[in-house]
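Given as structure tokens, the chain that follows is alone and in the form predicted alone.
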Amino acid sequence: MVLGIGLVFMLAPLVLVFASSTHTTSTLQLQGLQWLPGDQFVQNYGRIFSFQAGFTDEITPLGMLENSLIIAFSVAFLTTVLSLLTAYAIVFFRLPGKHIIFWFVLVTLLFPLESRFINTFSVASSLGLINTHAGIVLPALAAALGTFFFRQFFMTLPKELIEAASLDGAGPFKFLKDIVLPLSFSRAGAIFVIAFMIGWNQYLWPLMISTDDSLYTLVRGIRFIGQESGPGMAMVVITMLPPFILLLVFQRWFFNSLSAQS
């Protein structure tokens, strides 16, 4: 019963948005969001795919989708790699003060990107990263959650495994490649999904770092169509689809990893 109630609360907003995306804008403005589907599905979604905006009409659905995918996949891949390597160094290398280093990494969880916009923008500007994909991606890579996640898993690996690898003459790189990476796939999949969501849903930072129409993402593009309109609701549905598809693809790794950590 509890799970059923929770499922209703989680799915209700999705059903509400999708049903509203099939109604006219006037219906939504007069009657509010709708729970039942309407008859404007083809018209609303068709307007999305023919949409153009900006001074030179560079803001298009395909262009925004391409930018969103580039940013989200870059954030997801680089965050996963950096988190894994950081945790690997902290756990398996004899570093002076490595526990202090780890706690400094965790402290960054207390300072989200929004709280350091001014300093981050200054650094990005000095490096010439304004109006670039790199300027949007790089500040989002410092993900302490991924490092913590991998560290907790690495600490559960039996010492006998490490000793056997040492006896076989495996160095740090070979141990990482042949033993640690294969065992970390499910965890890496979970971190990849979480980091993809972070990269995909960015709004304030891309708005601040980029003024070029060719760098607009789907999340930023919603405001051009109108959040309270039928096409605007259709744009919201389209924006939610890629993360949802990715979660379906990685769902086994994702949930196995969470259950193994718990």
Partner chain sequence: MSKVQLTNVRKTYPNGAEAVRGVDMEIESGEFIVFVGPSGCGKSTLLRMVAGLESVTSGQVLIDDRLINDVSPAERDVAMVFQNYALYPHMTVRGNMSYGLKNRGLPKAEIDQKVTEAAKMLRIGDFLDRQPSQLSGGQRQRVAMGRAIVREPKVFLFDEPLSNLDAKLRVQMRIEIKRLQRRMNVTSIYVTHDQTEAMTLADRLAVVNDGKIEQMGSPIDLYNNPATLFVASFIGSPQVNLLPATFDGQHLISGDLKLSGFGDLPTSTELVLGIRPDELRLDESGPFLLRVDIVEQHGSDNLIYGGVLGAMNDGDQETEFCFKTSQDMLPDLDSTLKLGFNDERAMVFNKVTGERLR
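What you see is a predicted model; the values in this text were computed from it and never measured. Residue numbers count along the first chain shown, from 1.
Not on display, but discussed next: the form predicted in complex with its partner chain.
Contact check for 116, 119 and 136: none of the three has a heavy atom within 4.5 Å of its partner chain in the predicted complex. For the chain shown alone, residue 125 is not a contact residue for its partner chain in the predicted complex, no non-hydrogen atom being within 4.5 angstroms. Although the partner is absent here, residue 109 sits far enough away that none of its heavy atoms falls within 4.5 Å of its partner chain in the predicted complex. A residue is said to contact a partner when one of its heavy atoms sits within 4.5 Å of a partner heavy atom; residue 161 meets this definition for its partner chain in the predicted complex.
Residue contact with its partner chain in the predicted complex: residue 97 places no heavy atom within 4.5 Å of it. Listed stretches are 67-75, 82-90, 169-177, 186-194; the contact stretch with its partner chain in the predicted complex is 169-177, by a heavy atom cutoff of 4.5 Å. Interface residue among 130, 145, 141, 165 relative to its partner chain in the predicted complex, by the heavy atom within 4.5 Å criterion: 165.
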